[in-house]
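A single chain, nothing else alongside it, follows as structure tokens in the form predicted alone.
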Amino acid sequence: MKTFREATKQLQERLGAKVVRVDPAARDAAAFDSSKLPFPPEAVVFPRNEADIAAVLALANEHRVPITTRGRGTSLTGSAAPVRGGWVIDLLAWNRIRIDAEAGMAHVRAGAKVADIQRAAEAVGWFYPPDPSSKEYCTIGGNIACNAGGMHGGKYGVTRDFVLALKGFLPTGESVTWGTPTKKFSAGFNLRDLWIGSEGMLGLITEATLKLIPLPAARWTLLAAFKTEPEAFRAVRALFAQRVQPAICEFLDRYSVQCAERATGVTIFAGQPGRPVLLIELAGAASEVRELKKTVLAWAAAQALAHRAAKNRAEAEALWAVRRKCSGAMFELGDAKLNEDIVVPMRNYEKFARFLDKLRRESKLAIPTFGHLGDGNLHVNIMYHKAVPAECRAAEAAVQKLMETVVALGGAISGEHGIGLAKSPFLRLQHSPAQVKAMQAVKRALDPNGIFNPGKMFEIFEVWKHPRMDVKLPWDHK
């Protein structure tokens, strides 16, 4: 078996120096994702076609060279960080998008930007709902690998709900297609869904067929303020009890709102500064939105301290400004944050709000929280200062307590970020030994030599022992 360096030289001789790059610039750029945990690979491969990918994987499998697949690298958990070195396969240039307007499908390559897919679909009257906050940067391959969601998840679902077929490669270098570009498929095991959310550990995705839905004809937006976080959560449950399913139902706690207000110098509701808010958007047929508006306005009048509805899309965009500002504005509370995307069942929303208040008191840290109440996916931001050891220890302990509590409440330790490196210490809180063994058995069956994204998910990675890179990425603070 060759060393990584010897195998890299052989690969470069086979495919050429322009395809297989070993220069410091290429290796450094592929060394980290948005987790900012740096692990330089031996080489970065920019494949021209499927034959290049097959050749890379065949050689990697022969010599046990680790493979990490990469798009833009927006993963927050280290899913795209090449922790074992080896080769990174960069698919960012594989960005073709073709919309089938008759069938309502999008045929896309793995490097296609999610926002570009949405724009291409909307141009012909269709809609692709999954919308992570990094959609102007992230790629569909990465979204599929982590089963990404976004603000529309409560009504429309997440990435998994829109994937009809996948094409790509097994770790052995064999080309496979899971599913067909049809709306029904029941022929054999559903291995397509095994790849979705597997974080590049079971296969390499090159292409996908996505289901589209008709573009909503009408939208309407309302912002409502509440006295406390538990009251906001109770109000959401009351709204959903009336069988109202907003396209978007975003929650910002008082700490998120205070940061946004200080950053902009604007109080969202005059006379009610720093109140938790709900940002609700209805979408659908004009008649449907018109009827639901009446219900939502009556609900807001009964439940909220104050509320304001947008009269047009320009006013709606103004209401959205607070949501867009809050994440970046949080850095006034600390120069580092742990952005944990957890999921809480609706029945336990108020319990979780009380837990967060207790966690703030015990940790003595700021923990602004916002997220998607349509599906219970909340982003808990534990803020601390990197140069203060006591705060670092408190943040580490707070994350542990957060994950334990989320599982105890019947929730999930990750809703859309995946496990990667950062959440590997908590996987066994969520899954029993039997469940972990079953997942590991699938991994061994599809990747017998363990070359695809090794070191992730099942192996406990202690983030605190690995300093993060002090770099600013274009999609930070979105």
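Numbers follow the displayed sequence, beginning with 1. These numbers were taken from a predicted model, which means no experiment stands behind them.
Unshown form predicted together with another copy of the chain; subsequent notes refer to it.
Answer yes or no: in the model of the complex, does another copy of the chain come within 4.5 Å of a heavy atom in every one of P181, P214 and I413? Heavy-atom distance to another copy of the chain in the model of the complex: all three under 4.5 Å.
Interface residue in the model of the complex among A235, V343, A398, L319, criterion: non-hydrogen atom within 4.5 angstroms of another copy of the chain: It is V343 that has a heavy atom within 4.5 Å of the partner.
Between D193, E404, E231, E315, only one gets a heavy atom within 4.5 angstroms of another copy of the chain in the model of the complex; which residue is that? The residue in contact is D193.
Answer range among 306-314, 381-389, 322-330, 125-133 for contact with another copy of the chain, defined in the model of the complex as heavy atoms within 4.5 Å: Single hit among the candidates: 125-133.
So in the model of the complex, is another copy of the chain close enough to E102 to count as touching (4.5 Å, heavy atoms)? So E102 counts as contacting another copy of the chain.
Check G85 for me: does it contact another copy of the chain in the model of the complex (non-hydrogen atoms, 4.5 angstroms)? Answer no; every heavy atom of G85 is more than 4.5 Å from another copy of the chain in the model of the complex.
Is F355 part of the interface with another copy of the chain in the model of the complex - any heavy atom within 4.5 Å? Result no; F355 lies far from another copy of the chain in the model of the complex.
Decide whether K227 counts as a contact residue for another copy of the chain in the model of the complex under a heavy atom distance cut-off of 4.5 Å. Heavy-atom contact with another copy of the chain at 4.5 Å: absent for K227.
Sequence-ordered residues of 368-389 touching another copy of the chain in the model of the complex, heavy atom within 4.5 Å: Read in sequence order, the residues that approach another copy of the chain (within 4.5 Å, in the model of the complex) are H372, G374, D375, N377.
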